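Just one chain follows, in the form predicted on its own, and it is written as structure tokens.
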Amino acid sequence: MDNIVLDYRPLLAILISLVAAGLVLLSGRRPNLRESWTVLAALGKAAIVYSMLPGVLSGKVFETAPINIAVGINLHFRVDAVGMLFAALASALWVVTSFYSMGYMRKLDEKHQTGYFASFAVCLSATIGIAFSANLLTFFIFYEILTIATYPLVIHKRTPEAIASGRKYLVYTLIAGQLLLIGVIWTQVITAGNADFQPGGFLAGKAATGILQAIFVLLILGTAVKAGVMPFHGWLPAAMVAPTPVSALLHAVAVVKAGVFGIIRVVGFIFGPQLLTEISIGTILAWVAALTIIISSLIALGQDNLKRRLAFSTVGQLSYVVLGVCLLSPLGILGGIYHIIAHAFMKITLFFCAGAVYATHHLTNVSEMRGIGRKMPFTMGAFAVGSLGISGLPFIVGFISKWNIALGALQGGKGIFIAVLIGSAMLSTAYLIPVVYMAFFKESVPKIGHGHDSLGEANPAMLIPLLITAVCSLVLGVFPNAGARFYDLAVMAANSITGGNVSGGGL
């Protein structure tokens, strides 16, 4: 194909943080050097990824030659529009998360920081490997590497609660991985080993309907666990025992986004909308997503611990991606893909804010946060932006993705799902806006106000990253193509899946 460009940058983008992980481990006794490796790797990874962005936007596809590591096992990397969207997001947010992590970990004088930063780097290598995988087997390998690399982060505090949460995380994700492996092997068998991702899918006519339905269920179960789709979400709230930067990684950058990205690959690049319509299974997953959205939002209402409230919010918000792509309509797919971007910037802002409040004032529960907005006006102002965006307020990035999903529901003749979107917006408002109200309009409690400066704000290493992500949420809500042109990438990806039926006018 004329648009294929052989290039080793996809492989370099994966390897750079693996190298950094080794250097971090060797620099354990020199914190400044250890953190320098982290920052240099984050900046280097972003530079490599973004150097390919103009080419992808012009229609080029960057690809490495297959790497034969064993008979029948080829690692193959390809950078298409949807892979670039995920990689550009993850690499950009790793930069801000690296700086935030340094401020957070130093503020609390956390132990095991060397292992923390090394595991973080391996996670980002795995994430980029997932984004740039050209075939199902490569995707599976990096998907499982991400599972193992995240475990040390979940158990970072080494407390009994952390160990139990890590064990729960592994049980959920490793069992899901085995189901995914069965689906991968079955797909390899019926395609004679040719399981390269193809826009619009490649399984049409490859097997009987019952077999295709079974493979779909296996692949979706394998990815839905990381995506937090109910009833496979239990590991996600439990994992909130980890440090807040890890929570931000789980929710905005890597693990759960890898899950929904996997669902996009299954729906759009293995089966395709036409085949899923023919075998009558896509709508079932859409309803599972809709129920997840509503039930998780109701559970979030009852959570006093702020991180757990945000965790259940994530469970619901991720299912917007699943719902959008499973509508199987062009605008629904566009909205679902773009919600990866929208949710990432909004939710990482909220977790950054929660971490800043904890690190500065040691508050974890919503009921304790009366008046905290007067002591931390910038932090809680950013929290307000993220909360309003999650609720779907216009001029914040979440509105754009949800608007397209709503249009996609109408376009696909499934207008009933608009009621789900409206109900979810109301519930999101109910569990997030009271936090903002309590922070700014309730009287302070005596525990608040003992920060190191007159305002009690977070230190700059935490404050600046959360302000950056909040500003991005606002800018992308007005100019969705600002910066990396994420919206154009989402349109390109949706067009490739649907055969060119998205004009980009769904704003």
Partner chain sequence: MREQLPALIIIAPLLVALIAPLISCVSTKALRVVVIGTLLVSCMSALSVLIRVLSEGTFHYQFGGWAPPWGIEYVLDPLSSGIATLISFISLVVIIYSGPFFNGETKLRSGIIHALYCLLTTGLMGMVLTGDIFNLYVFLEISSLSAYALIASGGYKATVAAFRYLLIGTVGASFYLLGIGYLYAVTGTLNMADLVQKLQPLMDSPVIFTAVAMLVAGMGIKMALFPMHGWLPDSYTYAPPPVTAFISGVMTKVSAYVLFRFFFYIFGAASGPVSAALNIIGWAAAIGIIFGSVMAITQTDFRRMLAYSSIAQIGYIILGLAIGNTFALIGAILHFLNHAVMKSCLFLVAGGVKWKTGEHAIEKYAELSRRMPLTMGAFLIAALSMVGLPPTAGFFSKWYLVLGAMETGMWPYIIVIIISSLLNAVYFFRVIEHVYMKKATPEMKIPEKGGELPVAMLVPIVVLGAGILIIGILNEPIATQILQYALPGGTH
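Numbering follows the first chain given and starts at 1. Because the structure is predicted, anything quoted here is derived from the model rather than measured.
The same protein also has a form predicted in complex with its partner chain, omitted here; what follows describes it.
Colleague: Identify whether its partner chain in the predicted complex is within 4.5 Å of every residue in the set Leu328, Leu421 and Ala430, based on non-hydrogen atoms.
Modeller: None of them does, since no heavy atom lies within 4.5 Å of the partner.
Colleague: Can you tell me if Gln178 lies within 4.5 angstroms of its partner chain in the predicted complex, counting non-hydrogen atoms only?
Modeller: Yes - in the predicted complex, heavy atoms of Gln178 and its partner chain come within 4.5 Å of each other.
Colleague: Would you please decide whether Gln113 lies within 4.5 angstroms of its partner chain in the predicted complex, comparing each non-hydrogen atom pair?
Modeller: Outside the cut-off, so no.
Colleague: My question is simply whether Glu368 lines the interface with its partner chain in the predicted complex - judged by any non-hydrogen atom within 4.5 Å.
Modeller: Output for Glu368 is no: heavy atoms all beyond 4.5 Å of its partner chain.
Colleague: In the predicted complex, is there a heavy atom of its partner chain that lies within 4.5 Å of any heavy atom of Tyr104, even though the partner is absent here?
Modeller: Heavy-atom contact with its partner chain at 4.5 Å: absent for Tyr104.
Colleague: Out of 161 to 169, 388 to 396, 283 to 291, 305 to 313, where are the residues with a heavy atom within 4.5 Å of its partner chain in the predicted complex?
Modeller: Every other range fails; the passing one is 161 to 169.
Colleague: Within 4.5 Å, heavy atoms only, which of Thr364, Gln188, Gln198, Gln411 is in contact with its partner chain in the predicted complex?
Modeller: Flagged contact: Gln188.
Colleague: If you check Leu219, Leu93, Val229, Ile155 against its partner chain in the predicted complex, which one has a heavy atom within 4.5 Å?
Modeller: Result of the distance check: Ile155.
Colleague: In sequence order, which positions of 314 to 334 have a non-hydrogen atom within 4.5 Å of its partner chain in the predicted complex?
Modeller: Going through 314 to 334 in order - heavy atoms within 4.5 Å of its partner chain in the predicted complex - there are no hits.
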